[in-house]
Ligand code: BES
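Read the single chain below, which is given as structure tokens and is the form predicted on its own.
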Amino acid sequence: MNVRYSNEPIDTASCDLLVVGVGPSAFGDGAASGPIAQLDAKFGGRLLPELRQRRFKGGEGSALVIPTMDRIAARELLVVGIGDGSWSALRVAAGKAGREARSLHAQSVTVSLPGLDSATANRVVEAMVAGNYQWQAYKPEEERSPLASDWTLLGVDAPGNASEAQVRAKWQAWARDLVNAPAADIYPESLAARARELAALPGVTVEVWDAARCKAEGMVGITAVGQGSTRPPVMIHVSYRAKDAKDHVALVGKGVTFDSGGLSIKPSDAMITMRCDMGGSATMLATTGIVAELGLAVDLDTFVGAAENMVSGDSYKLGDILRYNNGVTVEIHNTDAEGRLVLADCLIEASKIPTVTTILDAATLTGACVVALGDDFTGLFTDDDALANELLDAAKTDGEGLWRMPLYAPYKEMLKSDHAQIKNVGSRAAGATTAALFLQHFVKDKRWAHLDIAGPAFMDKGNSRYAAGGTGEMVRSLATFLARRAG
């Protein structure tokens, strides 16, 4: 993927697809101006009337493909609506441009969007590349839509950190590849093999504990969840040490590579996409990749508990009681609430590192969060207002949906068990909050936030920003958060 920035005239841009952003003001009473007016002149004054005839009004998410017939240097013209011109609308337009470029088999794409500065330009590039992505590993070659290889952004001076956008986009796609791959390809040991790829980056080391080591170290959640599968569980620990680090953060990701629900088995239609249940691990590993490749001045320790939650004579059972390393005992009331059991082991390990100031975990944890927030928002749970504001601002910068949810301490009563300290599920009410409160039992003396990415991590159907499947949502926002921590 090549990205460049140019101030060349829009009508001379030689490419497969030229994308121009247009708002409703272009169709007002006054004469149109800017790039769309220049193109209209090249089309002999027929472009704007054609758009009006086809009822294109420049609304957010709208788009029309116009054949150029050699009137300009580009092979095809895509007019995208930018609505009110806000960053949110531009992000949608950029994603739409990426998706349309793929469907039009465009290899070279030139984009003109109004109101960009050098900082926003990188974010637009990331959104375009994310829109262009599609997982096609098992499609016949003749049915694949090629990804664009060359991107040009017009009207913006090249930012000093132009390569940063390419790095961030690459790792987001890496996360999406992991989530989209079937469980036959991504299982605990193969996920560990993919994590070992990070060891090629400066300052990174990777350690993997096999099932025997996990059991010996008392990682009871990982062991219990994974024991029903012929694929043994593992714990993955990726460390990145920066030069002159300004902070030390731990990342924790849920790595349930397939979730049948265990003995509390899911129905078939709820199980079909459960390869995505390791989305939290993909998010945190990809974020680590960005930080290490960019050489950001923040130390990281990333923990992933990887297991398959399967049904067999060895499966963990309802009524089992687990005793964690920190002394907390947990009674199992639902084997389909397994992600929190795996995360608990990793949160304990992260809490042991003296220099870690902040722990963040990400997991496709609860359907309750999807019911509350839908597919476009990650749920944020923390009792640290300053940390919440840092994360919310990072997500706003990158145009990713993040919504703070209540970490309401009185709801801990729902987790009380008759036979152990807590049980692994609460009542039907406030399921996302009680899941977060469960995790809080395993964090000690650290600032902490939990991200429930169950909604946006995987799309059953594509939207204006993403193709169907894994999205890599929150990878870029977490990278922005850590870049700010690095100073």
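A quick note: this is a predicted structure, and the numbers were derived from the prediction, not measured. Throughout, we count residues from 1 along the sequence that is shown.
If you look for the form predicted together with the ligand, you will not find it shown, but the lines that follow are about it.
Stretch in contact, per heavy atom within 4.5 angstroms of the ligand in the model of the complex, of 241-249, 164-172, 403-411, 259-267: Going by heavy atoms within 4.5 Å, the stretch is 259-267.
The unique member of L437, L39, A454, A26 whose heavy atoms fall within 4.5 Å of the ligand in the model of the complex: Result of the distance check: A454.
One residue of R99, R176, R340, R91 in contact with the ligand, assessed in the model of the complex (non-hydrogen atom, 4.5 angstroms): Flagged contact: R340.
All of D336, T366 and V370 within 4.5 Å of the ligand in the model of the complex, heavy atom check: All three within 4.5 Å in the model of the complex.
Touches the ligand in the model of the complex: M274 (any heavy atom, 4.5 Å): Yes, M274 sits close enough to the ligand in the model of the complex that at least one of its heavy atoms falls within 4.5 Å.
Contact label in the model of the complex: V425 to the ligand, heavy atom within 4.5 Å: Output for V425 is yes: heavy atoms within 4.5 Å of the ligand.
Neighbours of the ligand in the model of the complex among 35-61 [non-hydrogen atom within 4.5 angstroms]: Contacts from 35-61: none.
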